[in-house]
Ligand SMILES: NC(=O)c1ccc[n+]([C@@H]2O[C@H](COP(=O)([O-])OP(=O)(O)OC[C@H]3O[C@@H](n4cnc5c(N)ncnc54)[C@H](O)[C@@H]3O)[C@@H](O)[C@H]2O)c1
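To begin, one chain is listed below as structure tokens, in the form predicted on its own.
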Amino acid sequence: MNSIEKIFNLTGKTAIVTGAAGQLGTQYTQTLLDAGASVAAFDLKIDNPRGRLGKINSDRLVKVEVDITKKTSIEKGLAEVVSRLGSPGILINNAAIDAPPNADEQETGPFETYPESSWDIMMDVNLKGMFLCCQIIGGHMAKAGGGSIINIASIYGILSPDQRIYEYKEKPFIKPVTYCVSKSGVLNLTRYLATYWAKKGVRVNTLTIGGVFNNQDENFLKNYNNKVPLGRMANQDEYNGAILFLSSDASSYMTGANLIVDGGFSAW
């Protein structure tokens, strides 16, 4: 194994991926497995059809049904991971919810009438769930001697969404405020924990990603792509390199940072 292969090699390490059964979660899971890690796939819906977790065959993959908004569920999941795979050294906080373009009108209506219940649900999953996973799994990693935590954020955590992208729709569609606020909160959770756990050997970084192609309608794609210097949405495998980098020794001197991979969306 040459020096380049060595710094990206994850053999002997155990990783946990939340939201592992989704479109990107499956990608991250496969990437970590390919790099030699054992992976615990956490998801509330292990059979989520949006991903391809069921098509991954590996004796280093363990699927665990976990509700990240419940502390006891995470604790139970972690205990299973430690028992079956050993102590985790990598945590990918990927689980999150959003209001897609086909969401209920109440979820995507004007800010003035946005439901308080919708705020609570999305904040619970996107921010509280990440906090709890860091507290329980990250806390275990700190006691065990270190590791790498990657918190997945969004361009809408650093920028306000351009609502004009959706103006072609017959019914008004407003990107919800909660998604943006929750993803913004990820950034300072990362910075806080990066400094808090630095002496414990736990690195904590944010990966901020742009939109991912998933057969969206042509009008949306045209409007979104016009805002991207590279002229397109990401393919679902184009964040895997960043995941591997942040998980491995290749990023050993990196903590408290925000790695932005968005095709240049945030550059203008």
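When you see a residue number, it is the position in the sequence shown, counting from 1. Every value quoted in this text rests on a predicted model; they were computed, and no experiment measured them.
Here the subject shifts to the form predicted together with the ligand, a form of this protein not shown in this document.
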Full three-residue contact with the ligand in the predicted bound form, heavy atom 4.5 Å, for A95, Y179 and I209: yes
Can you check whether L91 is within 4.5 Å of the ligand in the predicted bound form, heavy atom basis? no
How about D67 - does it come within 4.5 Å of the ligand in the predicted bound form, if we only consider non-hydrogen atoms? yes
May I ask you to check whether L246 falls inside a 4.5 Å heavy atom distance of the ligand in the predicted bound form? no
R50 near the ligand in the predicted bound form, any heavy atom under 4.5 Å? yes
Answer among 145 to 153, 107 to 115, 162 to 170, 190 to 198 for heavy atoms within 4.5 Å of the ligand in the predicted bound form: the stretch 145 to 153
Sort through L44, I56, L33, V62 and report the residue having a heavy atom within 4.5 Å of the ligand in the predicted bound form. L44
Name the residue from V125, M141, L78, L132 that puts a heavy atom within 4.5 Å of the ligand in the predicted bound form. V125
Using the arrangement in the predicted bound form, list in sequence order the residues of 13 to 29 with any heavy atom within 4.5 angstroms of the ligand. G19, A21, G22, Q23, L24, G25
